[in-house]
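Just one chain is shown here, as structure tokens, and it is the form predicted alone.
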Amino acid sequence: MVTKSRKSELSREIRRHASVYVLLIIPLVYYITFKYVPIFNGQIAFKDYMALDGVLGSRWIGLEHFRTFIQSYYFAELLRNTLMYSFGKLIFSLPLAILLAITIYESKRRRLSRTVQTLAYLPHFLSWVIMYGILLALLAPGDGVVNDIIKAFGGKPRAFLTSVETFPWIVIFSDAWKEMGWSAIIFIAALMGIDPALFEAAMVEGATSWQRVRYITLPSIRPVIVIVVLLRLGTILDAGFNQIFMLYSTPVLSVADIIDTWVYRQGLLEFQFGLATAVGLFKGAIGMLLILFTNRIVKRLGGSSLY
């Protein structure tokens, strides 16, 4: 009787929320088609893949592709550059996104905050092709806006986009500029969930704006910050292929070449699909280990975690 009662209750709940389940079909189909089905082709990483033989017909070679990548002359350089850009973007972009979210939330001028919010979101919807054009107009050595200002003050123009000293900073800060507004959305949503009574009580006690941010705002959104950091660590070896591919050139290859650009050249241009797949699995394994390790540390420290 209990089982029948539970089944009937479950069927009533499904019928009641039928529209939600219908909407759920769309992301399920997407993830099954583009995320889970391709897992079958992951075995290419362990095979000498030949297109004519297919995935199942290709010869097994074990971990040969992984050894080729790790023993490559460029491995240390690729790993260094990838981690440099990934951690650089995390260190600079995340605090800026939190600061922007708090500023918009604390602003008493609604029209101004909406305007700033819209302007901050806008770069996210521009492709890196357009962003490259904007950066070129700003930083070009001949007639770029920045170099025009430098020359006006008697300085010498610099080729920012082809200098190994300035290129990494351009990558990191241009990414922060493009994604800061979009990343702030989740923090603004978290701020909206804070009980206003906490701020009112703090104001009655004479707390300053900075004290309210320090002792109420930041501790309240700390669980969200931890989760965002953990999720970012899962993709720490994805340094932004589209951005680097658009910005890098031969003079800065030593500081610009990352794992994804190397995989592009080896996998698509050299048709080494097995090697490219092996590197993809390598990146996924490292990301998974980082998430598990960091999540365990956070749990031991008593903070919020993914599970």
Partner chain sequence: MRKKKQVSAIAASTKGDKVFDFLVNLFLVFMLVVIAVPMWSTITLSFRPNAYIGSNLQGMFLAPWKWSTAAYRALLGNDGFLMAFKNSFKILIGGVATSLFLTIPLAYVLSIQSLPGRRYLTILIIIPYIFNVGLIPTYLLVTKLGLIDKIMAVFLPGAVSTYNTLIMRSFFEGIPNELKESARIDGASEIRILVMIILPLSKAIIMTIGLFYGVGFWNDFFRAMLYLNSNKLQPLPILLRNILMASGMNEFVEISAFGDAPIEAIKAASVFMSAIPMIVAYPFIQKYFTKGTLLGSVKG
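Residue numbers count along the first chain shown, from 1. Keep in mind that this is a model prediction, so the values were computed, not measured. Note that the rigid core is defined as the largest set of C-alphas that superpose within 1.5 Å between two forms.
There is another form of the same protein, the form predicted together with its partner chain; it is not shown, and what comes next is about it.
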{"property": "Heavy atom within 4.5 Å of its partner chain in the predicted bound form - the one residue of Ile70, Leu253, Leu281, Ile61 that qualifies", "result": "Leu281"}
{"property": "Contact assignment for its partner chain in the predicted bound form, among Val229, Leu218, Ala76, Val145, heavy atom within 4.5 Å", "result": "Val145"}
{"property": "Residue contact check: Phe87 to its partner chain in the predicted bound form, 4.5 Å heavy atom", "result": "no"}
{"property": "Any non-hydrogen atom of Pro123 within 4.5 angstroms of its partner chain in the predicted bound form", "result": "yes"}
{"property": "Ala159: touches its partner chain in the predicted bound form, heavy atom cutoff 4.5 angstroms", "result": "no"}
{"property": "Non-hydrogen atom contact Arg109 with its partner chain in the predicted bound form at 4.5 angstroms", "result": "yes"}
{"property": "Heavy atom within 4.5 Å of its partner chain in the predicted bound form - qualifying residues of 180 to 208", "result": "Met180, Trp182, Ile185, Ile186, Ala189, Met192, Pro196, Phe199, Glu200, Met203, Thr208"}
{"property": "Residue shift check between this form and the one not shown, rigid core fit, Gly274 Cα at least 2 Å", "result": "yes"}
{"property": "C-alpha of Tyr248 off by 2 Å or more between this form and the one not shown on rigid core", "result": "no"}
{"property": "Shift of Ala239 between this form and the one not shown at or above 2 Å (CA, core fit)", "result": "no"}
{"property": "Comparison of CA distance in the predicted bound form with shown form for Thr235, Thr294, at least 3 Å", "result": "closer"}
